[in-house]
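So this first bit is one chain, no partners, the form predicted on its own, shown in structure tokens.
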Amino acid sequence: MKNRLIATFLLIVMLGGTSCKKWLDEKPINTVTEDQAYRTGADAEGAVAAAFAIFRRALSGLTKDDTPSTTRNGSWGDYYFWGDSRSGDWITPNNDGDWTAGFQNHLISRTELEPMTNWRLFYRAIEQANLAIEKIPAITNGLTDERKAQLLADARFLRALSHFYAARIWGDVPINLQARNVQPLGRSRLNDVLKMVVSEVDIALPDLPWMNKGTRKESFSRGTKGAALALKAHALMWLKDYQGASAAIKQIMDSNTFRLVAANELRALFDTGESDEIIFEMYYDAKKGEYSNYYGHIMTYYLTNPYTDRTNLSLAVPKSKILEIFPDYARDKSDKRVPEFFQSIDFSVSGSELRPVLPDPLQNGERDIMFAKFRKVKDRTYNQMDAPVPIFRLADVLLLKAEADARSGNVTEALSNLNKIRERAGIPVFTRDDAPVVIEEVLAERRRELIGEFHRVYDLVRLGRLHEFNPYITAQGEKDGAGFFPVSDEAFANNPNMEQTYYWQFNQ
């Protein structure tokens, strides 16, 4: 690709097929090409940035721009669907058939969900990172040795992250560490993928900075030591290396790069991404043309008037479930997170006007409370859905460390980090010190703190407990792979080494 096209591409977020119409006529940089130029430092910068842009598209989901066989014109915000929708906490107030099928784990029979089974974009991001890792070492024009090492570490981090994300969704996935593969790849065992992720992070860490240049959200949307250590800790939790996970997170804490923001600062975290708590995020900036219309950001389904002109909700957490998840709010309304995460809208006002937000976030009925963790300007349009998508933040890793420490027998340290989150939320500290009870409380706190942030299903699948919360999945089904997504038919084309997940060989 020419340098100019690469540089221009950096201004786009490839979030969905309907994003920023003027760019749809350009050939997207989402496929590794043999003739791509790697001659200068600008080429190297563009190549690595392109890999991250493809990863952003992977989180959002396939569209017809990516593969003509898909059923979608626009992406659906698949990162929510993979990480939250099957947790048992969500409903579809307008009885949307696609969401219902997803909640019930009907991931093959509902053909509209087929694009969510396709890992194509994750492997495009991996291929782009592989090509950068292969080609950048030979570049000498306009690239210092220090910057070259950092770019290579950034690409290696992204390669590890893409494998990790795919592994959480599909379980066993191919490991691809080459820019060009002549032979078709089969699926590697989940643990082998996770071990590779840890190894890649360890190689990248010495050359990654704690902060990149630019604003905080620009800095933490690329590879840093904090992001790599958070990735390593998450992978080690899947591998049940709890001491290793705890040690990785301690390095993040000891760096003093991040802090738990006060409850009244959470709006900046979720609305703009300019927060001291963010470790790694994907962000979309409307001022740079980075946004999606209607489809492509999960906020589309959460928000209604006064935020958009929708008159109903596609996705919500029912009132009874909110009170179950947040028992302190149910008891005395002490949990500060509930009004930050949920809103009741006054539907008595005409739809032609901006409807006011009611003072009680749970004032509306069982199915009418809006999930409002991510919000937008109250302009009632679907345009410029430019909120960030947090991947790792400090509260997430502190709770992960609390779980790891409790499982390692260090209950005192576990309680310390658990109670940092509880104190920020304004709820009483937890004082029980028997490890099994502490572990359960940490998991309950992760459910509260990270609701709607695409972690819950992954936590449950990691622990083999999705069937406890989703009534459509049995214990045996989960053992057979029901917690993972089926592999798209596309992966089987001309690939005799590909095999479907056992559960999905017999269930639709």
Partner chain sequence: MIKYIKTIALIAAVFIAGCKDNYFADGGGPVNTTGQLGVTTMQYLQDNPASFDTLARLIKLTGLEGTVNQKGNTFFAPRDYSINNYFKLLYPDPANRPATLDALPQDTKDEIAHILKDYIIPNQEILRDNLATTYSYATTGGGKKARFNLVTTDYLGNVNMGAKFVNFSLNTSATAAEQYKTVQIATADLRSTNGIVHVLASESHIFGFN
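Quantities reported herein were computed from a predicted structural model and do not represent experimental measurements. Residue numbers count along the first chain shown, from 1.
Not on display, but discussed next: the form predicted in complex with the partner chain.
Note on the interface: of 174-182, 359-367, 138-146, 190-198, the segment with non-hydrogen atoms within 4.5 angstroms of the partner chain in the predicted bound form is 359-367. Although the partner is absent here, Asp346 lies within 4.5 Å of the partner chain in the predicted bound form, judged by heavy atoms.
In the predicted bound form, the partner chain lies within 4.5 Å of some heavy atom of Lys319. Not displayed here, the partner chain is approached by Asn94 to within 4.5 Å at the level of heavy atoms in the predicted bound form. Although the partner is absent here, Ser416 lies well away from the partner chain in the predicted bound form, with no heavy atom inside 4.5 Å.
For the options Ser109, Ser350, Asn256, Thr431, the residue carrying a heavy atom within 4.5 angstroms of the partner chain in the predicted bound form is Ser350. Asn312 is the sole member of Ser334, Asn73, Thr215, Asn312 with a non-hydrogen atom within 4.5 Å of the partner chain in the predicted bound form.
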